[in-house]
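Just the one chain here, the form predicted alone, laid out as structure tokens.
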Amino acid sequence: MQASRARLFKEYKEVQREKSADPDIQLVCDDSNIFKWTALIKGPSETPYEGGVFQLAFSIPEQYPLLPPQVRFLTKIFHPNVHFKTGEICLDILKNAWSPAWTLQSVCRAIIALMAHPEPDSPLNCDSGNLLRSGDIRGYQSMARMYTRLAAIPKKG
């Protein structure tokens, strides 16, 4: 538990120091619990998620960094590797390919990369995965764009 706290404090200091270094990711630690974090990530350019801001919730186990954080989308997203209702993310580094070398910041980077390069062969969202697997890129992109507009684009005014 002490080791995980120390590691999270180190990551927290790093995030504070490099706030402007990565404009696509805004990581925030819960004021009262260092094992709870949220992140705002920007949808990657030239994808149906461009212009969207997506909120992630991190729940960090006491054995971190030996075990991966649990991460899920709080913002609705139409993506083959994200469960539409729960926001669960299917990403190998959050499961069997985890390494203590990963940080919360690098996990966010990997999720942004997954948004740009979906893996339709291991879908949590079958509708989205089926569109891509059947070659209906246009259908997938229009659905993903629609949900990005509805859920992830900040309202003006």
Partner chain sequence: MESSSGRSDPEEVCPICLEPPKREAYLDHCFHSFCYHCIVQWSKFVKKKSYQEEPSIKCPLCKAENLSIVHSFDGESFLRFYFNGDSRNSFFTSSHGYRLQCYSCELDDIHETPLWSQTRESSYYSFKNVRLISHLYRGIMLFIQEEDVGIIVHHVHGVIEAFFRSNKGDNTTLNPEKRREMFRALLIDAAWPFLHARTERFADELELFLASGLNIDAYDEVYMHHLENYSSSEASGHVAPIAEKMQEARLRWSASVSETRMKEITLDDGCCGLEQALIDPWIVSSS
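None of the values given here were measured: they were computed from a predicted structure. Residue numbers count along the first chain shown, from 1.
Missing here is the form predicted in complex with its partner chain; even so, the following discussion is about that form.
Option from 32-40, 127-135, 95-103, 112-120 whose residues, in the model of the complex, bring a heavy atom within 4.5 Å of its partner chain
Contact criterion met by 95-103 only.
Quick one: does residue 52 come within 4.5 Å of its partner chain in the model of the complex, counting heavy atoms only?
No.
Check residue 22 for me: does it contact its partner chain in the model of the complex (non-hydrogen atoms, 4.5 angstroms)?
Judged by the heavy-atom cut-off of 4.5 Å, residue 22 is well away from its partner chain in the model of the complex.
Using a 4.5 angstroms cut-off on non-hydrogen atoms, would residue 45 count as touching its partner chain in the model of the complex?
Although its partner chain is absent here, residue 45 would stay clear of it in the model of the complex, with no heavy atoms inside 4.5 Å.
Does its partner chain come within 4.5 Å of any heavy atom of residue 65 in the model of the complex?
So residue 65 counts as contacting its partner chain.
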